[in-house]
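In structure tokens, the next block holds one chain alone, the form predicted on its own.
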């Protein structure tokens, strides 16, 4: 039996979602996106171009096309209540209702919820709604802090003292934000992502992924939306012990249980961003959707049809037997415009060359007259899949290296040298602890 499924969003993550859906048997794809993604458009039966937060227009499009299910890619439509209005229209949604999406869209709510329910992994923090109170706290607190705007900032609002700002710069930043911030202890360790499907009661994890936020090789330069990521065949990471993984997974289960008890069951993708410290996993943040680029690592490994997962989530009967992934390594490398992220060069023509065996996901790119041109954010993602990390990295690197134009990518993502650095760092932290 066929199913009409809508994908909301226009980036590389949404292209990966769309590809996973069309690989499922019997799905007819529709798309709603702020701008035309050439990769998604080629897969879709029909496309709505418009603001993804205009939830009434998206719902009207869904009704007109007889769409039965929707997968929400970005966070802004979730905050705008897109799932609430689509579910009212009878659609099955992979994405949480607005109240549950506050895990991502309201950082103060997230921390307060963790404290209310005694969930482990919560760092020391304080919430402020006034600039001078926040500034006074920064002056008086001897340690470096992380400054997080309470609302959404497209993943680019967090500033870290000691990395991005000194104390005076931190005070200026909280004033710029009007003082509506969460100030947290600065965590030292190795970051990783644990994504999981949830039906509101049950949680099924996907392979661990590590993203690379810094723009340049060697983890230098400004923070970005993510320059690339990797996963390993055993679905774990070598700097995360079994007990540390179980601790992170337990936190995720506890969050799902807490949201259910509070009357806001979380259905969709729960994304846990963890810092593995010398004392175990700590929660950096939760997101209410697939990561970008982390979606590109896990979705190609799925051997279960996305349509089946959607149905099991809708029935509230999701279990681990419903979500199966291949035991292969993946490496994702983003090609970005010169000058990204601070001053990206838009409108530059690209020649992709031969991608070989790599998967190609279109992100922030424009197609004109049969040619592709850069826009102002990440352009294309290349994903290598292989029996080993080395094989996957070589596939992704060869494809990314074949792109011609005013673009660059990080050549070191997924390499043995960078992975060894992560392992050594964690060994040092555990020794110090």
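Numbering follows the first chain given and starts at 1. The shown structure was predicted, so the numbers you read here are calculated from the model rather than taken from an experiment.
The discussion below concerns the form predicted in complex with a small molecule, not included here.
Would residue 285 count as a contact of the small molecule in the predicted complex, using a 4.5 angstroms cut-off between non-hydrogen atoms?
Close contact exists here: in the predicted complex, residue 285 approaches the small molecule to within 4.5 Å, heavy atoms only.
Just checking whether residue 160 would be counted as a contact of the small molecule in the predicted complex - the rule being heavy atoms within 4.5 angstroms.
Contact with the small molecule, yes.
Using 4.5 Å between non-hydrogen atoms, is residue 185 touching the small molecule in the predicted complex?
Result yes; residue 185 sits at the interface with the small molecule in the predicted complex.
Is residue 213 close to the small molecule in the predicted complex, meaning a heavy atom pair under 4.5 Å apart or at it?
Contact with the small molecule, yes.
Sort through 339-347, 85-93, 177-185, 316-324 and report the only stretch with a non-hydrogen atom within 4.5 Å of the small molecule in the predicted complex.
Going through the listed ranges, the match is 177-185.
Which of these residues, 357, 106, 136, 191, gets a heavy atom within 4.5 Å of the small molecule in the predicted complex?
So the residue touching the small molecule in the predicted complex, by this definition, is 191.
Only one of 204, 76, 258, 275 comes within 4.5 Å of the small molecule in the predicted complex by heavy atoms, so just point that one out.
Checking each option against the small molecule in the predicted complex, the one that comes within 4.5 Å is 275.
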